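Presented below, as structure tokens, is a lone chain in the form predicted on its own.
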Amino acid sequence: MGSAIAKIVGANAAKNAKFDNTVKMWVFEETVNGRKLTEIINSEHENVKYLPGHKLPANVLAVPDLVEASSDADILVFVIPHQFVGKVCDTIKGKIKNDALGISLIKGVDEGPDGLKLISDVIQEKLGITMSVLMGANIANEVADEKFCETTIGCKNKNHGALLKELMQTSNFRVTVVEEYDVVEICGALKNIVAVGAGFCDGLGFGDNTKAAVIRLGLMEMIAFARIFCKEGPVSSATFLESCGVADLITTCYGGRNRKVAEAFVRTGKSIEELEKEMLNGQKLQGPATAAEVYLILKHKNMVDKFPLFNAVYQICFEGHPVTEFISCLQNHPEHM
């Protein structure tokens, strides 16, 4: 997704005088076929490992040094696995512009001694910059293919929201800006847990009716969770009807990697870690990790029983609960009582 969004940002920056022409993209240096990945990207304008087959604009410059890539930026776009956020922030703390704007595309939550913390809040606290988020039904390959889709920017400041929309929107990547940034971000994290459940359904051979029920119950748990933990303002049902909500949930439950790996988990009997290595080409799975963090948050609040789908995904992924009992975990869901 980092390269897919860099393609959009690079193209928009090249034709809009408001933005600097050069877009620096931090790339964790790796060797691919005996060559440095950054050298391949900068000479061939293609991220051959993580987004093969898609040309990046010539003004997107791959930079292996994180501080060099970010130090003079006015807008920082965060697209990394949420497990690495702390280390990245520690590396650039005090070395970026004080008035930089940040926008996070990171799907996940942070579980700590104070309970739930949004990834955007972690970044904001560590770096002292104003954060917004972008979440939506945006599978990276389809975004890079320029197939029509929508996305949602959650931003408290209307001027910042308008600027970020200008940077991100294209004719085929349509942006809606809403103020409930915390709800937008919670949707992006929690839908990956539901997608793991959808993958279990596929692996177990259940049909579309069952999968639809899992998606609906998952959405209800997402809404309930947001209403408990999103404290910045009202949690309106309308935000769940944006691309960050029901649309992202549907596309992830049918086309995302969390669904795909969860299906293989059922069919092969291999561990999530094994399948991640075999199937994801170095990418990280977010659903199981988020399920573990959400479980600890709910356990701390003594609310695990109110979220049986989230709990079932955690128990199956980490506690050896048989996947064959996934549906039985949902048959007496609070939504049915």
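A residue's number is simply how far along the shown sequence it sits, counting from 1. Here the structure is a predicted model, which means the values were calculated and not measured.
What follows is about the form predicted in complex with a small molecule, which we do not show.
Q: Is it the case that F28, I80 and I139 all touch the small molecule in the predicted complex, with a non-hydrogen atom of each within 4.5 angstroms?
A: Yes: F28, I80 and I139 each sit within 4.5 Å of the small molecule in the predicted complex.
Q: Please check if H45 has a heavy atom lying within 4.5 Å of any heavy atom of the small molecule in the predicted complex.
A: Contact with the small molecule, no.
Q: Heavy atoms within 4.5 Å of the small molecule in the predicted complex: does R259 have any?
A: Flag for R259 set to no.
Q: Look up in the predicted complex whether K284 has a non-hydrogen atom within 4.5 angstroms of the small molecule, and give yes or no.
A: Output for K284 is yes: heavy atoms within 4.5 Å of the small molecule.
Q: So in the predicted complex, does any heavy atom of L105 sit within 4.5 Å of the small molecule?
A: Yes, L105 sits close enough to the small molecule in the predicted complex that at least one of its heavy atoms falls within 4.5 Å.
Q: Looking at heavy atoms inside 4.5 Å, which stretch does the small molecule contact in the predicted complex, given the options 275-283, 57-65, 295-303, 308-316?
A: Contact-bearing stretch, as computed: 275-283.
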